[in-house]
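What follows is one chain in structure tokens, specifically the form predicted on its own.
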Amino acid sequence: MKDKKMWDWETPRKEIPIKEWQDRFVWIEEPHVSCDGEKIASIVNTDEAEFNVCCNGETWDEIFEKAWSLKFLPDGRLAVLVSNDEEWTICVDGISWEKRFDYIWDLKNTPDGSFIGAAVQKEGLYGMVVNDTIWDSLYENISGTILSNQGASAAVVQVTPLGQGDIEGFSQGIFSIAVNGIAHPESFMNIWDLSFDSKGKQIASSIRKNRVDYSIIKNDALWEKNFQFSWKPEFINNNNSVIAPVRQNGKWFLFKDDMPLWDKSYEQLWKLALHEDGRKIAAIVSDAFGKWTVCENDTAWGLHFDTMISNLFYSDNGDSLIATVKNQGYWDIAVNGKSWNIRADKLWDPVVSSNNEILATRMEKDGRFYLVVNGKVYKDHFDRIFEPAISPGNDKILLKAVKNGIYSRQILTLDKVL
């Protein structure tokens, strides 16, 4: 991401009229806004089978037959999947990649935006493309594509052909993990939840050995124990160890390197959150049907939610453990076991200040959209709102929203929102 210190934190308000786009184009897709709030863009339809991208009121030079999956990259560039002459590629800031494919999907990028990748189909085979370079080897099937923070690519691929109804062939294992296009020699019935280590050098995943046995594999080393199921593994201890939620004897446990890590078991345990290389480990758990909570280092919160917990993560300094939850029909935020009690119809994950004192998010309630800071709802409402940002000095909020056909970029001081 571009350095936040370089963003404009002084101009109180900038506006871009976007209602007029409706008169210029046949129709307009959902708008997207850059991280710094300086740009707003949409895929627009200009005529029958003619699409373009409009950014801050200006369209790109090239017209496409199809376009989808528009997104701003962390470095401010704008990427989209496009098709012309029945060939697909990626277009970034109006410049299309040279490689062409029969189809392309699952657009991804690294946290700094320097690597862009996607899943592709070419001549009936499947693989990945990263920064306009396609894998050397393509496969009969692909799923679960991921990028490491350093730009390495991986996916689950089918390495053995399978005829219709070939149950015996399927049971022998037809899927493997391909890293940068090179498939591992091990194959299994199913593979899912791939996970790179912090350096993008090692990879782990959940696997299905046979009809009833599941386990975890780290690189080419398979855990010896069999389980009834398993969820996504994560690397800890300087990438030397792997932890994963596993089901055993009808209960869920957290295991580390094939051995129990936590003493307690649960009805469900998944979506791990990590801090300090595994010294703090949290997970979404259920200790009874319809009762969801968070467990941190084998100690559960006293707070429960009856519907779901959609996400769980630590603040950068690890002082706050944050969950986005749904309870009694409404969405809420819980921090370190305490709820905001804002009862939203829809809610997004919050952003957290570097000093851990400010949490800002956006919510929808009764058809209107609002900014929420530390559980307090900002007075103004909007027709649409985008992810807020917090200044490097932790004293200002960047509000990005649309109201009455005008996109506004506002800088709010904390005394206005708290």
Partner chain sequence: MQDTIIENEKKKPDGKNVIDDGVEQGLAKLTPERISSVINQVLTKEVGPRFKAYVETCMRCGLCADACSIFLSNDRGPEFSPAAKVKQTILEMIKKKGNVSKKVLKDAVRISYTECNVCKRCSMYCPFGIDIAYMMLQVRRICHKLEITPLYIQDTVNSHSATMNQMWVKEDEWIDTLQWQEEDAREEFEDLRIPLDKDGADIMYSVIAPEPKFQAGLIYQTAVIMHAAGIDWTMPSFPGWDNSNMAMYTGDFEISGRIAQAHYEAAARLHVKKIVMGECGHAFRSVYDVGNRWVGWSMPPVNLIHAIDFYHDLLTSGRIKVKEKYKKTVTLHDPCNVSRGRGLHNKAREMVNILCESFIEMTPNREHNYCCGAGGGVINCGPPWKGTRMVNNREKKEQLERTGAEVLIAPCHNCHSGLEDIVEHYGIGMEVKFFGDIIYEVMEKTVYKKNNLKEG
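Numbering follows the first chain given and starts at 1. Here the structure is a predicted model, which means the values were calculated and not measured.
Only in words, not in the display: the form predicted together with its partner chain, which the text now covers.
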- In this chain shown alone, the residue from 182, 308, 221, 92 with a heavy atom within 4.5 Å of its partner chain in the predicted bound form is 308
- Looking at its partner chain in the predicted bound form, do all three of 74, 134 and 343 come within 4.5 Å of it through at least one heavy atom? no
- When its partner chain is placed as it is in the predicted bound form, which of 373-381, 352-360, 56-64, 25-33 ends up with heavy atoms within 4.5 Å of it? 25-33
- Task: Please run the contact check for residue 256 against its partner chain in the predicted bound form: heavy atoms, 4.5 angstroms, yes or no?
- Result: no
- Message: When the contact criterion is heavy atoms within 4.5 Å, does residue 111 count as touching its partner chain in the predicted bound form?
- Response: no
- Should residue 347 be counted as a contact of its partner chain in the predicted bound form, where contact means heavy atoms within 4.5 Å? yes
- Item | Interface membership of residue 142, its partner chain in the predicted bound form, 4.5 Å heavy atom rule | yes
- Item | Contact set, 138-172 vs its partner chain in the predicted bound form - heavy atom within 4.5 angstroms | 140, 141, 142, 143, 144, 162, 164, 165, 166, 167, 168, 170
